[in-house]
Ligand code: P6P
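For reference, the chain that follows is the form predicted alone, supplied as structure tokens.
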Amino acid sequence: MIGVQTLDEFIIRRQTDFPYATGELSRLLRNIALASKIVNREVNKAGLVDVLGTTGFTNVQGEEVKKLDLLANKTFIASLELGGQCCGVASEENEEFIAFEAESSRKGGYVVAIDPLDGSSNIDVNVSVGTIFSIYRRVSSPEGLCKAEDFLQKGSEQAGAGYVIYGSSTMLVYTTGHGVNGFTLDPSIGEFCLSHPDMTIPQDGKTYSVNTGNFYDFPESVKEYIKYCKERGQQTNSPYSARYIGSMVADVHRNLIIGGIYIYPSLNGFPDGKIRLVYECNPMSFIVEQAGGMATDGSRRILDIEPRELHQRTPIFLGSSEMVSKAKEFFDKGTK
């Protein structure tokens, strides 16, 4: 274990990077990591115990709630409330945000927006899923409970963001605005260890991630870009490959490592797309930008969008800067 740096050690050493280095954000990140270990344990044994399948309920998004969705949601909320640094949580699984009322947490300086189990429809077929989280400094008075304004901040105001991918290995990737670092869970010691320091996304890539099953519902500009991606191989010696997992964490993680673009555009019937701004697009865009990439809704930088509601959706195109810039050329032509 000589030379191995754990997540806790890394966070403590980087604490001076934080504008308000009280240690509160450091402890909050460690609480998220702890909850993710518990979720990872349940994901890994999902086929052996009764946590596969659905609960029979639907969430605020109109999506079936998987048993592991519910378990992950409860785990993260409980960990954040007990930690004391977080005064409230907004989750994909809950219609309204949860303001913690206990004295130990109600005055916490941060709020967390979270997708507890992204891509949970893949659980039953043993495909990678993940957790996405976004951290904001509280802007409401600490004398009362947290308010909607604490969560409805632009993505550029995030104090931190990250994701956990539960795959062949479990990784936690996060940023506090000072670069991106990745940690792999070592099951033999139960610790996340630094495995991917100073992560950067390649400026260009060969992978485009989009659900082409919705192709005929895409805007014409997006159809033209996808046609360009398919035809590139016939015109150059550098063809693109389509790779779509159906878990935003897994698709973005792959593109962060090898380069690529993730696309979820507007659709006929869904003019704002289907991906949520506050607890999916904002954190992922923060990470990708900190790694040197780009994130846009086709006309605006994702992190500059002013949220109007908790479960607001937005089209998103994020990944390698050259690929996103090329896609934006097609969008700009389509709006002229």
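Owing to the predicted nature of the structure, the values given are computational and were not obtained by experimental measurement. Numbering starts at 1 and follows the sequence shown.
As for the form predicted together with 6-O-phosphono-alpha-D-fructofuranose, it is not shown, yet the points below apply to it.
Contact with 6-O-phosphono-alpha-D-fructofuranose in the model of the complex, judged by any heavy atom within 4.5 Å, is made by just one of 41, 311, 274, 301: 274.
Only one of 182, 160, 119, 155 lies close to 6-O-phosphono-alpha-D-fructofuranose in the model of the complex, with a heavy atom inside 4.5 Å, and it is 119. Residue contact check for residue 211: one or more of its heavy atoms lie within 4.5 Å of 6-O-phosphono-alpha-D-fructofuranose in the model of the complex. Among residues of the shown chain, residue 109 is not one whose heavy atoms approach 6-O-phosphono-alpha-D-fructofuranose to within 4.5 Å in the model of the complex. Of the heavy atoms in residue 172, none are within 4.5 Å of 6-O-phosphono-alpha-D-fructofuranose in the model of the complex. For the chain shown alone, residue 207 is not a contact residue for 6-O-phosphono-alpha-D-fructofuranose in the model of the complex, no non-hydrogen atom being within 4.5 angstroms. Figure note: of the listed segments 81-89, 163-171, 239-247, 188-196, the one touching 6-O-phosphono-alpha-D-fructofuranose in the model of the complex, with heavy atoms no more than 4.5 Å away, is 239-247.
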